[in-house]
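One chain comes next, on its own, written out as structure tokens in the form predicted on its own.
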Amino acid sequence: MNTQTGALLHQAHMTTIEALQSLDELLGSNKKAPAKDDLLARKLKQLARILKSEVESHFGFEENHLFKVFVEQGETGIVTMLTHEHRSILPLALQVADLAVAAAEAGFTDATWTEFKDAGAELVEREIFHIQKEEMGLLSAISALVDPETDEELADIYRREVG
């Protein structure tokens, strides 16, 4: 990783992948709704926090700052593709996050577990595929298209807006 912005995005991707793998393990190891306990509640709250950060702050940074740099250089193809994927992932991630928060408070019913399991499995598939694309294409494009001064400005914005 030879840009600050790319390194920050990569770090966020790894955090999100770890959360998605934990979600996938939870879904795969429970055919029926798991009983609510403190550990499950903490995991669900952490999952919700990471998902919301990914789709609200991280996607927002890319769309409001990074993609503008790409468009100014005529690189609209990658911007259009990734923005379209963001629009597909965002409502699903927020649905899973909301279900996780509700379950952390009240536990799962059979119906809410089924809804969480179906939405969570779909989210794992979409989000991991999206992150793989960004890791292979977007981070390389940042290295090729963003000059060091702009990279530093973008990294500062990312740290302020995303964390």
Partner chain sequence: MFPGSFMMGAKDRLLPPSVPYRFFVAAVAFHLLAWVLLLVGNDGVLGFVGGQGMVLAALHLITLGTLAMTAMGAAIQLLPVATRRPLGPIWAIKLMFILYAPGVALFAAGLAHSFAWAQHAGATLSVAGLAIFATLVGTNLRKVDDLPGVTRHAWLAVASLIGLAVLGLLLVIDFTKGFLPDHMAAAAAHAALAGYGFMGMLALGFSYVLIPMFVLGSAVPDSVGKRTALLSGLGLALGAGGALAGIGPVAALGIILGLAASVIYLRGMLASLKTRMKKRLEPFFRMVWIAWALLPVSLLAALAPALGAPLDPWAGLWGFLLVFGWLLSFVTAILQRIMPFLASMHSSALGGKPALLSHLSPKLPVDIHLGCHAAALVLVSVAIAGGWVWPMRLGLLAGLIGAIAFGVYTIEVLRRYRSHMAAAAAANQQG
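Numbering follows the first chain given and starts at 1. Since the model is a prediction, treat every value here as computed from it, not as a measurement.
From this point on, the text means the form predicted in complex with its partner chain, which you will not see here.
The stretch in contact with its partner chain in the predicted complex, judged by heavy atoms within 4.5 Å, is 131 to 139, chosen from 109 to 117, 131 to 139, 55 to 63, 96 to 104. Among residues of the shown chain, residue 37 is not one whose heavy atoms approach its partner chain to within 4.5 Å in the predicted complex. In the predicted complex, at least one heavy atom of residue 24 sits within 4.5 Å of a heavy atom of its partner chain. Residue contact check for residue 43: none of its heavy atoms lie within 4.5 Å of its partner chain in the predicted complex.
The closest heavy atom approach of residue 17 to its partner chain in the predicted complex falls within 4.5 Å. Contact check at 4.5 Å (heavy atoms) against its partner chain in the predicted complex: all three of 70, 75 and 145 pass.
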